[in-house]
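One chain comes next, on its own, written as structure tokens: the form predicted on its own.
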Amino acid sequence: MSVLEYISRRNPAVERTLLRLLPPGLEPRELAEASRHLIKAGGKRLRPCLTLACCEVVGGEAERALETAAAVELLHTFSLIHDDIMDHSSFRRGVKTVHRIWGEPMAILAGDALFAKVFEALSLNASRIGLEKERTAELFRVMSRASFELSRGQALDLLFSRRLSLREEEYFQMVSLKTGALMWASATSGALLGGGTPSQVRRLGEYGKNLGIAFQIQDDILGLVGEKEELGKPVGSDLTEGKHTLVVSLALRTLRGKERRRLLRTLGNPSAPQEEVEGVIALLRERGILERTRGRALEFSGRARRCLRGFRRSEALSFLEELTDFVIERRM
């Protein structure tokens, strides 16, 4: 079964669960609409499906983890709303960001509301399936840790944005927290709910963390070579917003003289002409920087795949294996 086939089969149940947790009749209406805005805008629901697949791969039924899968999506959406405020972003998933429509105070509240629903969803899940108290406590610990790691990662992102250069190890520290932590929690929680052994839970968590890092590196690349319609934001915006991606880190270490000055004219310059931004992107391609960045993505996706050795063959395992390729081949 392909990645998209698995996702399309699992997504309806995830969507129904999200709707139960965030019914349209909530009051005040503005808060309800702001909270549901990015969820309604779509997305592949990759993280929830990762939770369901990890539940299945250790021998559980996907339905055992539905509320937790929805919780992962709620936590992800909460982080996006707050990240967009801090980054002053105008678009996400092809629509205006929450704070652009409802203002920053309501956007902050919408993120907070989603965060609160995360733990309601976990509680509902544990109660519905009669999860034993030790695994219930561990489930809450996993999601709490991921929430804290997300905050640490975003703090590093903010602090690093004030610097001209970033060491590669600092970049990986940041993305392992910002992106890797939630993928780790998605996989770990699914394995816990499926009844996985401590070794299986640990290995699937490592799978998720490495997958998340590969995913983020590919995002860095797509921010420069993707299509505007696919990205939901202007191509090259990572450059003009001054984001310290792996591409930028490698470019600052590689480029010299006029080429380096061209990069610095666009980096963190929202008013840089689009043709100049496109010229810098072409330069990054010509100097092999994009290819080197892709090589690092392949390295982490390979690490993720190796974590799956020893699991019994199943459709869920095939999905997890194919996902290691999908995250670095996707166009959005």
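Each residue number is its position in the shown sequence, starting from 1. Treat the numbers as computed from the prediction; the structure is a model and nothing was measured.
Only in words, not in the display: the form predicted in complex with another copy of the chain, which the text now covers.
Contact with another copy of the chain in the predicted bound form, judged by any heavy atom within 4.5 Å, is made by just one of Thr136, Thr240, Thr245, Gln200: Thr136. Taking Val225, Ala116, Val95, Leu164 one by one, only a single residue has any non-hydrogen atom within 4.5 Å of another copy of the chain in the predicted bound form, and it is Ala116. Proximity to another copy of the chain in the predicted bound form holds for none of Glu33, Gly43 and Phe91, with the criterion being a heavy atom within 4.5 Å. With a 4.5 Å cutoff on heavy atoms, Ile85 counts as touching another copy of the chain in the predicted bound form. By the criterion of a heavy atom within 4.5 Å, Leu283 is excluded from the residues contacting another copy of the chain in the predicted bound form. Interface residue remark: Ile108 is counted as part of the site for another copy of the chain in the predicted bound form, having a heavy atom within 4.5 Å. Contact annotation for Pro28: at least one heavy atom lies within 4.5 Å of another copy of the chain in the predicted bound form. Note on the interface: of 212-220, 254-262, 192-200, 137-145, the segment with non-hydrogen atoms within 4.5 angstroms of another copy of the chain in the predicted bound form is 137-145.
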